[in-house]
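Presented as structure tokens, the chain that follows is alone, the form predicted on its own.
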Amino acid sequence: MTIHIGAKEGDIAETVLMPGDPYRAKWAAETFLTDVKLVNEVRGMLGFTGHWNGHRVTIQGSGMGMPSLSIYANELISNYGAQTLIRIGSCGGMQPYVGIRDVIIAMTATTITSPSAGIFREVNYAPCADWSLLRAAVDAAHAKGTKTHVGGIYSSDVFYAERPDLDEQMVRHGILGVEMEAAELYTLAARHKRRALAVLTVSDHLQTGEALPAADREQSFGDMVEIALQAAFADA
């Protein structure tokens, strides 16, 4: 048990999926796992452990933004022995060819700053995904026939950004989408020698203004969950 996670020793699996929304964690656990057990509800940040195709999996909400993600990822790694951490969440599309409901598999995650930025000082550290997870996720997405994009994303530290000039440069440099957590997850995984990946569903688009309703953001992202699970256990 930690400050933010009430799970007992042994309650957390080595493979953890991390949606930002705790209700998305609940939906994903009830939809994709069997023998589901609620293992955390501290501060309403729900976590569940169950089984997928015989493999033990935890789905733990991380909250919004890199500071919140950092708390949960640190405790999952340091106190519960999590080895594979996969962010499953929504993102905003940035390229014109990226459509609503498409899946983005993040190879890299650019950011202005993160909770880990201070330890690097003048260095612009480049957080990237684990290659084995990335490769397996791409294979799983192709096998499902899901429209998928693989490349760089931008992890913003604000939701209501007021930097159209920055968005323009992200688009110019090929950034596929924007979200708020992956850069810190990739950095923490590298620091602790763990595997990390972000599999994201495009829920809105910065250029077209198109967006999914709130209910769809919570519950209609099945492809990314299946891709994440298949990637996590591809070598098992």
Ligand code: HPA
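Numbering starts at 1 and follows the sequence shown. Quick caveat: nothing in here was measured; it's all calculated off a predicted structure.
The next section is about a form of this same protein that is not shown, the form predicted together with ligand HPA.
Here the chain stands by itself, but in the predicted bound form one stretch of 25-33, 168-176, 38-46, 201-209, 201-209, has heavy atoms within 4.5 Å of ligand HPA.
Taking the partner from elsewhere, residue 90 is found to have a heavy atom lying within 4.5 Å of ligand HPA in the predicted bound form.
Contact check for residue 120: every heavy atom lies farther than 4.5 Å from ligand HPA in the predicted bound form. In the predicted bound form, ligand HPA sits within 4.5 Å of a heavy atom belonging to residue 159. When contacts are judged by a 4.5 Å heavy atom cut-off, residue 180 counts as touching ligand HPA in the predicted bound form. Residues of 1-28 include none with a non-hydrogen atom no more than 4.5 angstroms from ligand HPA in the predicted bound form.
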